[in-house]
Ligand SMILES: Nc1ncnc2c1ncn2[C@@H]1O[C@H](COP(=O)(O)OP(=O)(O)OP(=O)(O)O)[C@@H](O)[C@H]1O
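Take a look at this one chain, the form predicted on its own, written out in structure tokens.
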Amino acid sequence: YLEYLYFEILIKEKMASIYEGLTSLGIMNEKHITVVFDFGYAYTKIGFAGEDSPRAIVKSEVKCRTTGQMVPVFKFESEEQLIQQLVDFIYILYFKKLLANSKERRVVIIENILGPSVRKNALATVFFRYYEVLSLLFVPSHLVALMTLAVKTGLVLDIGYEEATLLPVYEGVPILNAWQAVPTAGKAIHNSLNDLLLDRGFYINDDGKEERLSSVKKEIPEYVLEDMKVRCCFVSTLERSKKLQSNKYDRSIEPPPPPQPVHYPLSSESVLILPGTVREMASEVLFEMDEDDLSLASIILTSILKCPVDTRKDLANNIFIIGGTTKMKGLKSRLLSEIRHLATQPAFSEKLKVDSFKIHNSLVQENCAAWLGGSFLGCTESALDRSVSIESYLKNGAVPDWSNLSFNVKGRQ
């Protein structure tokens, strides 16, 4: 009987949490008074502060009012267009995903501290002027992500969709002059995978005939590439990658045996053959040097060099990688090997006197680490103290921004 009663209580609590957002009676729930948003270019995470996972992970796209087509929320030509798209998108988040009244709640937004100010100002305008939230707080994604590890010092690398951004944090203070960014992330893998498939992939049509993929399709849809990346692709080791690169330029060198190919169904009647070499070579773009001699490994070492000497060892031993692309199999191990190898090269060995590098194993899903850190912060009193109220915003017409010198004047709130 006690076991039955226990499960009955659990079911009631679960049902209550599902419908917690309903406020038709005008009753404000103190437990769920703060809503946490993590707006990404590809996906947006939303939920209540104090919870251990987002209520919803939604693709960051909205229907265009003029064309009726789905467009990325953060792809815009003017600030007015961005505000219009945000108004429609946030309406879906509040009233179709959370079932919550925006006027009764505070908001915490996880932001990339290196992001454009126009995006930050547009979000503030939408939340305050259109949805009339109680207060708004912007928190740096790299900083709050460390809260999931319960540490104050770390070198946080966020590998998102458009770019990978790096920011060192020492004793809870971001070292802004050491930030780094490189435009190789999830989108770069998609482009590489698309090119490799069109060059090496095969297609089996409904009559069982096999032909080259490039003769059937000129481009592979984005959602198919993303699904392939998650289900089929992986990151090879540094030693294996060197052999593949050597064979690429010198056919006399014997390449390592390729992985098994994968038959990926495109529909009920057609199948795409994903060669083993494509599965492992799609992610190599993350570790190749670009025109500026930048890669994921190089920006980590460059960032450490820009930090004070007495902080470098602690930062090198507390590397933390977040973002959806981080979930690729073998990425952390490969990145650590790349860092250790590059640190022995003359460009860094003569300046960087650090011989130990370590990457944290995340205690949560890497793509939700920043959101969960914001969820922790949203439960504290400091979140309330640092928030901008709607009265303050309507009076000043702006939210504090570290890049705006007017907010660095002594005495300004």
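Counting begins at 1, following the sequence as shown. Note that the structure is a prediction, hence the values are computed from the model and not measured.
FYI, the form predicted in complex with this ligand isn't displayed, but the following is about it.
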item: Lys45: touches this ligand in the predicted bound form, heavy atom cutoff 4.5 angstroms; value: yes
item: Distance check, Glu163 to this ligand in the predicted bound form, heavy atom within 4.5 Å; value: yes
item: Distance check, Ile220 to this ligand in the predicted bound form, heavy atom within 4.5 Å; value: no
item: Contact flag, Gly373 vs this ligand in the predicted bound form, heavy atom cut 4.5 Å; value: no
item: Interface residue in the predicted bound form among Arg334, Lys229, Arg312, Arg106, criterion: non-hydrogen atom within 4.5 angstroms of this ligand; value: Lys229
item: In the predicted bound form, the one of Arg129, Lys97, Lys327, Lys152 near this ligand [non-hydrogen atom within 4.5 angstroms]; value: Lys327
item: Stretch in contact in the predicted bound form with this ligand, which is absent here, among 291-299, 88-96, 267-275, 186-194 (heavy atoms within 4.5 Å); value: 186-194
